[in-house]
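Below you will find one chain, with nothing else, as structure tokens; this is the form predicted on its own, and questions on how it binds or moves follow later.
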Amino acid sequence: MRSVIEVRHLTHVYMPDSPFEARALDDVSLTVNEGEFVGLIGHTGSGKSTLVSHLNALEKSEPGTVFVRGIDLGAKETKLSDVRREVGLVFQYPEYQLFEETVERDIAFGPANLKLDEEEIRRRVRAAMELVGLDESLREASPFNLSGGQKRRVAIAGVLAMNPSILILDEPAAGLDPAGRRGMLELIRGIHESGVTVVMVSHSMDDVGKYCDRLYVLSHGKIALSGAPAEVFVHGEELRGMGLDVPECAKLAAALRARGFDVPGGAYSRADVAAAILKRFGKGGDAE
């Protein structure tokens, strides 16, 4: 697999050499490969947001090195504006960053700053709105009159209109109701399936278990665990010691194992649990 992001021995200290010195990242190394959907998980204060802010050079990567598609973000000759077109970063509550009078103008702001012609800007706005599920009729609407979920989709569309090949989202479903949360996560899955590499920060084990190919768990600024979801969730006690948990179905799988059901150690999905129950009672077929 070709890596698109490489972080090597990254450390970040806030307010060094002061009474308020805080080590947010401590010798962090990780890799994100082309086309992956990677989850970054950890308790509040574990370093997740600090880490992602380094991935398009909002924070300085020193000591340590961050590469995006082989480009060293810390090199003097690197044009950070080019990197930031390649890597789209969506912060928590991105709807708070909306400011234009219409949805169209808000989404078009980034492409307009690239000095693109009007037709290309309109094409990008249309494509971004379609990708995030915003109806064409909302182009002239004020973003401030939309629902919370729609506002967030406008903000994400503004990032997608820059045509990034890598999208990083910091708690994209934060503050949404259950229906809005499901819709947002399905939207992100659709963006990933369109060919965009996705890195998603989350504290929800159920969400990352359902959507992510691979996980990194941060604790006190360090990578504590990494691997496919099944490889990570098998460390239930260790995760709980970090202030995290495992998906609800992983808890049920553990309870079933304790009662003699043949459930794999890393099982965390409904399909895994259903298959074990059907097998126990001699039923075959599709566990979905």
Partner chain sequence: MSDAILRLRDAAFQYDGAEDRAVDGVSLDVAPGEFLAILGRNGSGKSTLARMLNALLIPTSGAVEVGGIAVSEENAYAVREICGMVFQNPDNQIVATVVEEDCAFGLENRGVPPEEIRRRVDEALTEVGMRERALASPSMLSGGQKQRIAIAGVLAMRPKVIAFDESTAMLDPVGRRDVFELARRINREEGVTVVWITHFMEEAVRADRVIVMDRGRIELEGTPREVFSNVQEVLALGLDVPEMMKLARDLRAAGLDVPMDTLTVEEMAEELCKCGA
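If you're wondering where the values come from, they're calculated on a predicted model, not measured in any experiment. Basically, rigid core = biggest C-alpha set you can superpose within 1.5 Å across the two forms. Residue numbers count along the first chain shown, from 1.
Not on display, but discussed next: the form predicted in complex with the partner chain.
Peer 1: So which stretch, 32 to 40, 63 to 71, 221 to 229, 245 to 253, is the one near the partner chain in the predicted complex (non-hydrogen atoms, 4.5 Å)?
Peer 2: Of the options, only 245 to 253 has residues within 4.5 Å of the partner.
Peer 1: Please state whether all three residues R8, R23 and K79 have a non-hydrogen atom within 4.5 angstroms of the partner chain in the predicted complex.
Peer 2: No.
Peer 1: Out of L116, A127, L176, A141, which one falls within 4.5 Å of the partner chain in the predicted complex, going by heavy atoms?
Peer 2: For this set of options, the contacting one is L176.
Peer 1: Please check if R122 has a heavy atom lying within 4.5 Å of any heavy atom of the partner chain in the predicted complex.
Peer 2: R122 lies outside the contact set for the partner chain.
Peer 1: Under a 4.5 Å heavy atom criterion, is H203 part of the interface with the partner chain in the predicted complex?
Peer 2: Answer yes; at least one heavy atom of H203 falls within 4.5 Å of the partner chain in the predicted complex.
Peer 1: Should R182 be classed as touching the partner chain in the predicted complex when contacts are defined as heavy atoms within 4.5 Å?
Peer 2: Because a heavy atom of R182 falls inside 4.5 Å of the partner chain in the predicted complex, the answer is yes.
Peer 1: State yes or no: in the predicted complex, is some non-hydrogen atom of I277 no more than 4.5 angstroms from a non-hydrogen atom of the partner chain?
Peer 2: Yes, I277 sits close enough to the partner chain in the predicted complex that at least one of its heavy atoms falls within 4.5 Å.
Peer 1: Taking the rigid core as the frame, does R259 move its C-alpha by 2 Å or more between this form and the one not shown?
Peer 2: R259: C-alpha displaced by 2 Å or more between this form and the one not shown.
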